[in-house]
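Quick heads-up: it's one chain on its own, the form predicted on its own, in C-alpha cells.
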C-alpha cells in the first residue's frame, strides 16, 4: 500500500470520527427501543418504529425542535432484558440521546428503566403493560399505554357481564404474562367466576398439554385468555382451534397480546383467527381528533394499510417528548421530566395525553389514565382490526354482544 493510499484511508477515518461530534450539535437525538428481531414481538416493534418515524418526519418538516433537526436513534432489543440494558447504555452514553421512548415487552422495560433511573434520562413507554413499570415510582419513567390492572380489570368485567362462567388463562412466564394471570384471577374470582390458570416459558411453542386439560375440564371452559406475545400467542390460537377448543360455539378466545393486530396473525393462524377477540389500546379515528385524522392519512399513504394501536403509540411517544422539549425550551433531563409531569397536555392520536401524579394505586404514577381501551372481534378472514366488530366500550360498540361461532 502506497503512502498516498494510506493517507486517503486515514483521511476518511478522521472524517468518520469528527463528523458525529459536529453533527450532534445540529440535531436533537431521541432514542427508540423496540423488539425488531426474534424472540421479541417483531411486528409489534416494527409498528412502533413506523409510527415514531412518521412523527420525526413531521417534526422535521415543520422546522425540527429548538431550531435543530430531530434524529431517531433506533435500538433493537429483541425482547431480551439484557439486550435492552445494553441498548439503553449505548444510547445514553454514546449517542447522547435527550430522551428514550418505545418498548413492547415489560421484562425488557424493567431492565431499561434501571438505566434511565441511573442516568436521570426521561423514558416514555409506548407498549409495555406490567403494573410494576410505573408502580416503582421512578420520576424518569412515563407510560402512554395501559397497564395490566387498568385494561384487564375492564376486560374481566366485560367477561363477567357477558355471562361467561369458567375462564382459563395461559400466561407467559414474564412480568406481563404473570400480571395477566393475576389481574384476571383477582377480578373474576371476586365476582364468582371460576378461573383456571397456567404459566409457561415465553419460548413455549406447543400448548397441547394445557389445552387438552382445559378441553376436558368440568365445568367446561367457556372463555380462554391467551396471555402470550410473539409467536407463542399465535401458535396457541392455532392449536386451540385445531383441537376444537376455541374459538368455538362453546368457548371464546381472547388474544391478550398485540400480535393479533398484524397481517402476520392471519398468515400463521389462518381461519382460526375468525371470531378471535383482541383488546387494542387504540383504534384509528376513535376518538376522532385532528391529530388522529392526520396521522392515519400519513400512515396509510406510507404503508398502504390502516395504523394499529402500537403505531399510534409510537407516533404519540415521539410527539410527547417533542412537546416536553417545546414546553421547557430545553433538552435537559430535569426540565423535560418536569414538563411531562406538570405541564404536558397534548392532543394525540387517541385523545389528550397527560400523566398522572397519583400514587394510589402505585401503578397510576406517570400513567396516562385515559388510554382508550377496546374489545374487538374478528368476523371475517384476513379482516383488518379497524374493520373488526367493536364489542366494548358501549359508546363505540358496533354489535350488541359477543358473536358466537356457528360450530
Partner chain sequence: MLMLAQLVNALVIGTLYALMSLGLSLIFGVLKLVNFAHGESLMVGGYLYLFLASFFLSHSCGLPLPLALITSMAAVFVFGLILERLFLRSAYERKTARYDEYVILVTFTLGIFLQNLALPLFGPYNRQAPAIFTGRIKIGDLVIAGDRISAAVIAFLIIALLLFFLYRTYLGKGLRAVAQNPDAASILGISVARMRGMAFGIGISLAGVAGALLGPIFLVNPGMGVPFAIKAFVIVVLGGMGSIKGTIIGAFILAMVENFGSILLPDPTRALAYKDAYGLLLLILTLLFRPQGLFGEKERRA
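What you see is a predicted model, and the numbers here were worked out from it, not measured in a lab. Numbering follows the first chain given and starts at 1.
Below, we refer to the form predicted together with its partner chain, which is not included among the displayed structures.
Participant: Each of 173, 213 and 243 having a non-hydrogen atom within 4.5 Å of its partner chain in the model of the complex: is that the case here?
Facilitator: Yes, each of 173, 213 and 243 comes within 4.5 Å of its partner chain in the model of the complex.
Participant: Specify the contacting stretch among 60-68, 378-386, 349-357, 39-47, defined as having any heavy atom within 4.5 Å of its partner chain in the model of the complex.
Facilitator: Heavy atoms within 4.5 Å of its partner chain in the model of the complex occur in 39-47.
Participant: When the contact criterion is heavy atoms within 4.5 Å, does residue 220 count as touching its partner chain in the model of the complex?
Facilitator: Residue 220: no, not in contact with its partner chain in the model of the complex.
Participant: Is residue 206 part of the interface with its partner chain in the model of the complex - any heavy atom within 4.5 Å?
Facilitator: Residue 206: yes, in contact with its partner chain in the model of the complex.
Participant: Examine residue 289 and determine whether its closest non-hydrogen atom to its partner chain in the model of the complex is within 4.5 angstroms.
Facilitator: Contact with its partner chain, no.
Participant: At 4.5 Å between heavy atoms, is residue 158 in contact with its partner chain in the model of the complex?
Facilitator: Although its partner chain is absent here, residue 158 would stay clear of it in the model of the complex, with no heavy atoms inside 4.5 Å.
Participant: Only one of 149, 187, 239, 333 gets a heavy atom within 4.5 Å of its partner chain in the model of the complex. Which one?
Facilitator: Of the listed residues, the single hit is 239.
Participant: Identify which of 73, 121, 322, 200 has a heavy atom within 4.5 Å of its partner chain in the model of the complex; exactly one of them does.
Facilitator: Filtering the options by heavy-atom distance leaves 200.
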